[in-house]
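Listed next as structure tokens is one chain, alone, in the form predicted on its own.
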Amino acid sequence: MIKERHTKYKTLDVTPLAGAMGGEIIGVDLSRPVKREVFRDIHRAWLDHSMIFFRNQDLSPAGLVRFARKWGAIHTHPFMPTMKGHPEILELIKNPSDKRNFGNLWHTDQSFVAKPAKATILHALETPLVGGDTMYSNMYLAYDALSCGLKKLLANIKVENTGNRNRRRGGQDKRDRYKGHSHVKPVSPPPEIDTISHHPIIRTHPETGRKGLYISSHTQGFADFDFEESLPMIEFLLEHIRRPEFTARLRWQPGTVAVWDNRCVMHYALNDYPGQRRCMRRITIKGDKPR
């Protein structure tokens, strides 16, 4: 079967991953310096597809950092320790004995801080024989599918996003959540970083101008509402974003590099590879205040 390619970009080809979103960038070696005009097309493809990925990339930690810096300043996770010798990188390792993995909830990265991560870059080093895929959901499409009445109802609502002890998920501390995991060891964030933030549930993308839902597993409630009042609507919306017509699924291979837009994408790391090892390196890019 011949796959469709989008060739509107001057320096590269893009093969769409799914009808909802996602595209594979063809013909770029990230281990070599990426020319300005090539990165311009990469960035344009990223805005068009919301998530892009590259196969067969051989990147050192320094090479991954070099590529990440093209997207902006690097954001540090307040709860997770970074890779030794490379403070920009978060290593996501699940060993065969581990039961829990990292990111096994529908979420958008760092939505609990005042200026959440704009982009996430993930480089696969070791992947299971089967399993360990990541699911993505297009928040533009999720918003477009809402009724006019619900769009009006949500137009001026802000959500409270919390990085730890989320009441909607039982109030568990992150350190208890990952207790017994061989690699994921959450820490207390620096005192100057506030990990509870309020953001509009309908977000306007600062580059495309499109509106999308902005909700996450970090969402605890609606600002100025009692917890019990907003809970049914939050649960409805988190179910709504999972509709198959909004989603795409990326099967990782060693050497795959993906970049997704946290301003209009939610993702979910599947935990369906018991007894196997998965090793990824992640960098997040600083963003702006959602509006």
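Everything numeric here is computed off the predicted structure, so don't read it as measured data. Don't overthink the numbering: it's just position in the shown sequence, from 1.
What follows is about the form predicted in complex with a small molecule, which we do not show.
| message | Given a 4.5 Å cut-off on heavy atoms, tell me which of 106-114, 184-192, 209-217, 163-171 is the interface stretch with the small molecule in the predicted bound form. | response | Residues of 106-114 come within 4.5 Å of the partner.
| query | Does Trp260 reach the small molecule in the predicted bound form if we count a contact as any heavy atom within 4.5 Å? | reply | Trp260 belongs to the contact set for the small molecule.
| message | Contact with the small molecule in the predicted bound form for Leu122, defined as at least one heavy atom pair within 4.5 Å: yes or no? | response | Yes, contact at 4.5 Å.
| task | Indicate whether Leu92 is a 4.5 Å heavy atom neighbour of the small molecule in the predicted bound form. | result | Although the small molecule is absent here, Leu92 would touch it in the predicted bound form, with heavy atoms inside 4.5 Å.
| message | My question is simply whether Ala269 lines the interface with the small molecule in the predicted bound form - judged by any non-hydrogen atom within 4.5 Å. | response | Contact with the small molecule, yes.
| task | Consider the chain as shown here, without its partner, and state which of Thr134, Thr127, Thr76, Ser197 has a heavy atom within 4.5 Å of the small molecule in the predicted bound form. | result | Partner contact (heavy atom, 4.5 Å) among the options: Thr134.
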